[in-house]
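Form predicted alone, single chain, as structure tokens, below.
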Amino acid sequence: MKRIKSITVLQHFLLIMMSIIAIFPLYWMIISSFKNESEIFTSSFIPQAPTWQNYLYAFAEMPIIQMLFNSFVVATLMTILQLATSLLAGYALVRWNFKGKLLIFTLLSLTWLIPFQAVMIPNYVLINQIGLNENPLGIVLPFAASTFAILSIYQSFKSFPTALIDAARLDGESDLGILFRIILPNIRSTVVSLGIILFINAWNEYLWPMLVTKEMENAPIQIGLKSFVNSDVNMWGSLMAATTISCIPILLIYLFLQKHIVDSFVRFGIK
């Protein structure tokens, strides 16, 4: 009995320590945003002279609200497009039999091994040619389809009972009807979990938006954060303030959807 109790205490202690390790960078970011320039590099855990100057400077230096809105629009559009293309592609690969199906699936899987940097220049040239610079669509379109999303949905469709699909087809249901009326309501938790991961990835995208957008008013928040760090001067306090503000939407999403977020990382982390 004592041994079980000791193991339980040890487990709780380890969980508390890991929680502190996970939360501490967030805490340090917040307290650093209230430190002045003379205190920013000190190791104090509480600001000795708290100031709002870093936040005022961050709002004056860049259009934070507009950039947050841009990030939300880009992340939302990217998530919707990736979910739509993955649902259609996953259904076609599972339910339709056609020549070259295995080849298409193999090539699709291999594209996961190709880094985006390898196709970044052709995409940039194409976006320039069609005039989508400084436009959210210029950021979104190259990411309209996600191999990760397609393969994740594919696995869910593979495990879906074929008897229900066959019964719906006998009732005269179309393929789109089967997908959206039969399959989708039954795998809703999987789609929501996948959507959360796709949204977070889109929100944190940096390299491609930096190439497509030059004006602050058209750029997502991640590009604005870089403006506080350059070769001439590093505004660490203002950077921490702007970073704290940029984290608020994701933190709110986590508070409201924490059950789905935990489920998403467990579900797709195992896969």
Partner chain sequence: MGSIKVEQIKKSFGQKEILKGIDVDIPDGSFAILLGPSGCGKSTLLRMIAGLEEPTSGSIFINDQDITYSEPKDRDIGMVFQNYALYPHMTVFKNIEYGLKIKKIDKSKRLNMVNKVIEMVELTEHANKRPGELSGGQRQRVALARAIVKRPHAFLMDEPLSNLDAKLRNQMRQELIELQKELQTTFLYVTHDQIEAMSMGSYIIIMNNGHIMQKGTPKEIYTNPANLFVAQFIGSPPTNILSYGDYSIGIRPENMSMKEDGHNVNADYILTGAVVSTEHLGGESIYCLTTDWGKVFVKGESTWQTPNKESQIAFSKKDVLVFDKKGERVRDVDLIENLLAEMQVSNHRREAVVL
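Positions refer to the first chain, counted from 1. None of these values were measured; they are calculated from a predicted model.
This next part talks about the form predicted together with its partner chain, which is not shown.
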_in the predicted complex, is there a heavy atom of its partner chain that lies within 4.5 Å of any heavy atom of Glu173, even though the partner is absent here?_
yes
*Going by a heavy atom distance of 4.5 Å, is Ser159 a contact of its partner chain in the predicted complex?*
no
*Would you please decide whether Gly131 lies within 4.5 angstroms of its partner chain in the predicted complex, comparing each non-hydrogen atom pair?*
no
_Even though the partner isn't displayed, in the predicted complex is Leu102 close enough to its partner chain, meaning a heavy atom within 4.5 Å?_
no
_Of Ala168, Ile80, Val73, Val192, the one that lies within 4.5 Å of its partner chain in the predicted complex (heavy atoms)_ = Ala168
*Stretch 186 to 202 - residues with a heavy atom within 4.5 Å of its partner chain in the predicted complex*: Asn186
